[in-house]
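One chain is shown next in structure tokens, namely the form predicted on its own.
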Amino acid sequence: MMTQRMMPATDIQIAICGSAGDGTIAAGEILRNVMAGIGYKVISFDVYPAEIRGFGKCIARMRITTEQAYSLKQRSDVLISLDDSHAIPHVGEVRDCGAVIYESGSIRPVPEGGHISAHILPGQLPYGVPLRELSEKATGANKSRNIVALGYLAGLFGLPAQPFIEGIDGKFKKKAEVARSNEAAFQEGYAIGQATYKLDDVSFEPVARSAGNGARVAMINGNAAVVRGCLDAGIETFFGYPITPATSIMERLAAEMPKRGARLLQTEDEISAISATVGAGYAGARAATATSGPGLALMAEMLGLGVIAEVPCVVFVSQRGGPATGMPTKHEQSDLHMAVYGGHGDAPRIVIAPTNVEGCYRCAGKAFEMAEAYQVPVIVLLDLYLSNRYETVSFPARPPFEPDMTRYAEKGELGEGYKRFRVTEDFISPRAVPGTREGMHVATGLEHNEPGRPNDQPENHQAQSHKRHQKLKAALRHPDFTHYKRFGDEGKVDVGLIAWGSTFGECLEAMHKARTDGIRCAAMKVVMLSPFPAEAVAAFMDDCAAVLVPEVNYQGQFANLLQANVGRRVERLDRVPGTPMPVEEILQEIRRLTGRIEARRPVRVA
């Protein structure tokens, strides 16, 4: 049995809530970077509206710990209100003895029930601060209320001021005057915070700094980790079209790829993007594109061409709420069916899904390896929560990715009799990229024979279809890649959790809480979704009295995929709230299943 996880000495969640234009997200960015720089582990996720500036709710949430956490908590320890109308609905999310920091000096009459102080619950500790007044005193304007609130937070909880000053300077490094005024705003809030008698029990314990082993530590989100993985894997070409929440992948690559001699082009639409990506992959370049669900739907036909022509390329897909335009700024995991099965005909492809920000980096780099090794499009399936979630991540000192895994045609295979699509023992055909001497061949979207010429004879179509499917099985043994992993109790357990993507973090937290309650529980993350690791998943299920599959889509798409490959019943927990699934909801279901299992066990007679 694994040793019980120790609870972290510091485990504080802070939520900053305001309207678009209040600087909510900017304050959250400074806070998470400062806390990560001090040495804390941080998980952060921002919620923002689809509306233009001046409308809609923004929330910056971050969990700050001394030990690694895997998800945000359902209840925060501190709520900072920059706009009461948006923050009031979230007062109930603050735990007992938690703190609520708010504007105490309104400059206009407030309707009954319109001020947050009327909604603070018994047991919560209120801290009214004249944020507007302090901002105007420091800067002559009220635009720095968010920075005053940060200063008050730091002063109240005894956090060092200097890292925040450096963080503000870094945020506004191109605007020296703005940086100086915000420093003054921070100091005003800090002084008031230090002078305030603290009533709550929120406490930041000192954090030990590790000596390090040459690794690169960064506070980074999933999309930025994808970019770093692409660059470390030696990406050569990228074609893309903007779409939330994948756009920042293209934006970051546009800034970095030219420095390395690589090329990026923004195309006129997603069809052009995938067409150019397949073309570049055919030419021998490490090529990729990035999109979300609506874009992936448009790419389906050209992905089929990549499959039948056996062209390596990578597609990063960050899922969002759907269908159609759906909810562009909300979280969902509802594109799994399309990623695995989308397209006409039998069009097998590799689909992998990271479960955390570090996994985004590793999956990005490994996707290029797999695309080349198995001569197929590879889809890396993220989601909005993972794309935009920040974590403190330690990257390896040297890129862990192979620069080229292509099975090139050897001299004896080339020439007049060259068979680009030859059926080999391992089903991987000898590849010649354009320009290879004596490597001329036909590449077509039509079914073809081994040399590549169109051929629709039944026995040929059977053989080539078999080849295209069978070669992908080797991906289940791809080196230095976590296809799946088990956590928690070993051997037989009452409840086993199986999850994919970002929801696995919530499952892992729920599993730890269940084990603390004395429930024998284990969890398995599945990263390789296609081809599916059926044997490993079946072996895990053999150890479980009940298997629970939580996921953020309505149909239970991963449960469908699991049952189709393993042929066993699972318990489903399907939700589409537009937000990550609460840990407590998963834990409640674990307890329900445990109670059902206990009720069925025979009673021992003394």
Partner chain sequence: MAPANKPKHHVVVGSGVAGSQAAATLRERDPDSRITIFTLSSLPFYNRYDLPKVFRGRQDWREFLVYPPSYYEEHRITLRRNCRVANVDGRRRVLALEHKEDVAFDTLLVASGGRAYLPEELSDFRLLMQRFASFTEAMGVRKQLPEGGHAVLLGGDMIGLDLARTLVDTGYRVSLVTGPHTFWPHEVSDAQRPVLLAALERMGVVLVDGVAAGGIAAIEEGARGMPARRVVFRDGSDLRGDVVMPFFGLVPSVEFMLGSGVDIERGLLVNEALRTTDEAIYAAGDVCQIWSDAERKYRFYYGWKNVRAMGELAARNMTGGDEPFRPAQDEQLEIRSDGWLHSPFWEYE
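These numbers come from a predicted model, not from an experiment. Numbering follows the first chain given and starts at 1.
Not on display, but discussed next: the form predicted together with its partner chain.
**Student:** Tell me, please, which stretch of 354 to 362, 156 to 164, 197 to 205, 336 to 344 lies within 4.5 angstroms of its partner chain in the model of the complex when heavy atoms are compared?
**Tutor:** That would be stretch 197 to 205.
**Student:** Only one of 126, 322, 533, 430 has a non-hydrogen atom within 4.5 angstroms of its partner chain in the model of the complex; which is it?
**Tutor:** Comparing distances to its partner chain in the model of the complex, the residue within 4.5 Å is 126.
**Student:** Which residue, 482, 272, 117, 449, has a heavy atom that falls within 4.5 Å of its partner chain in the model of the complex?
**Tutor:** Residue within 4.5 Å of the partner: 117.
**Student:** Is residue 459 one of the residues lying within 4.5 Å of its partner chain in the model of the complex, judged by heavy atom distances?
**Tutor:** Contact with its partner chain, no.
**Student:** With the partner left out of view, is residue 190 within 4.5 angstroms of its partner chain in the model of the complex by any non-hydrogen atom?
**Tutor:** Residue-level check for residue 190: no, no contact with its partner chain.
**Student:** Check whether residue 121 has any heavy atom within 4.5 Å of a heavy atom of its partner chain in the model of the complex, and answer yes or no.
**Tutor:** Residue-level check for residue 121: yes, a contact with its partner chain.
**Student:** Check residue 108 for me: does it contact its partner chain in the model of the complex (non-hydrogen atoms, 4.5 angstroms)?
**Tutor:** Judged by the heavy-atom cut-off of 4.5 Å, residue 108 is in contact with its partner chain in the model of the complex.
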